[in-house]
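The data below hold one chain only, encoded as structure tokens and taken in the form predicted on its own.
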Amino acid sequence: MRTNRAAMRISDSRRDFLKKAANITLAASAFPLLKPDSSHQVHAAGKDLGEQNPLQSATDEQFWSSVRGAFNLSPRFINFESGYYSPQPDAGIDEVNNQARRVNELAAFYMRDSWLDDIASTTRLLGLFAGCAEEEILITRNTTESLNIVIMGLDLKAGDEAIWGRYEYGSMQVAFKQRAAREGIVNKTLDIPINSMSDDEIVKTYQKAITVDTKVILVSHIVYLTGQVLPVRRICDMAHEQGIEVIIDGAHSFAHLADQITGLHGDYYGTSLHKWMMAPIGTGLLYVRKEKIKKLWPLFGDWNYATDKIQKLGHFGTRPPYLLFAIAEAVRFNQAIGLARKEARLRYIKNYWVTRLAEVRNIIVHTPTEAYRSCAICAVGIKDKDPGELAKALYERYQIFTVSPGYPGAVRICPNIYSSIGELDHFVAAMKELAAES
């Protein structure tokens, strides 16, 4: 009887899950997933938005205060490091905990009876959210895993060229370097000052680097070091005219910018759902254009390695199944706010502090400020001040947490939709004080 009751409970849970998937399109004011003590306030704030467009609602502090109420934020510091990992809303944490208990109770029964169905349901839901066919996406653990599946799976031979910039994420660089060491492919690294170049100049630089041996280009949609948005669609279209494939690193763009994956025209795309999507750590996504799947070798051995089914790339073994349900909550949370509204808010809060610091003596903003070239992430520094020391001073003296990921002379500022104007004002005042001391 105990097993039957448990099976009934997990069945009910899966019905709820599928119901959420069916109702993915939500009005901006529909927040049933928020914690009880803030849901009423957010619902009311959403109604007050009326017919406001995303740019108008980006400055509606009552609404964004209600969104902030969905999170349990640490009182120890101001978190400006969403670039590594964004906290989940409380509803997502609750979903992980509740589903972990249920799966633990059912154990192998759940894994053998329901797990694959729930993977398929979550994949379908993510496909709707990302604008992709479910046959073209795979749930992974993070961007590094997603893009390693592609980089290691491409059928490259000695002498084949891969083009990528020095500003690409280290794990992707070393994956290509490993292929060069092992199989003799050639890596062409672009060492260019992208932050001072126009989009036309960036596209032309990639184009000039192409030779008859070039097979693939790796390019970030948003550069992790500075937050600069690169013209990936134009790079993809240019490359495809010459028969070259493009891998897009979408670690920082998915659920940050409102672009849908297929609209970027890439052949491959990888992202981490634990960043701007606000899903649990250990969740990511891989997109492979349908006609590209068959020739891609799996990173992990699979019986169906020669097929055109994307599942062949996801033979990861046993994984935590309860994270699937939290992905569903993350989809609903982002869809409830609206990606266009979210992007507008993220760009607004970046512009809020940048405009107050850009002309301050000794302060250097390293990220282009045009709307189409950056959004939430921005790199800033103080003249002649070591960025590690700057990050340390911000934390120890002002309780502002950020990091220097490696861009010379700069820390990376990554606020999020839960960041308040008061926190931004505190940061501006802190930087002015530190700049005056320099």
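Because the structure is predicted, anything quoted here is derived from the model rather than measured. Numbers follow the displayed sequence, beginning with 1.
What comes next is about the form predicted in complex with a small molecule, which is not displayed.
For the marked spot (T144, M172 and A251), a heavy atom within 4.5 Å of the small molecule in the model of the complex is present in each of the three residues. Picking from 99 to 107, 135 to 143, 234 to 242, 201 to 209 the stretch near the small molecule in the model of the complex, with a 4.5 Å limit on heavy atoms, gives 135 to 143. Taking the partner from elsewhere, S86 is found to have every heavy atom lying beyond 4.5 Å of the small molecule in the model of the complex. The small molecule is not shown here, but in the model of the complex it comes within 4.5 Å of a heavy atom of S220. In the model of the complex, no heavy atom of K312 sits within 4.5 Å of the small molecule. Using a 4.5 angstroms threshold between heavy atoms, H274 counts as touching the small molecule in the model of the complex.
Just one of Y224, W353, F71, W164 comes within 4.5 Å of the small molecule in the model of the complex, counting any heavy atom, and that one is Y224.
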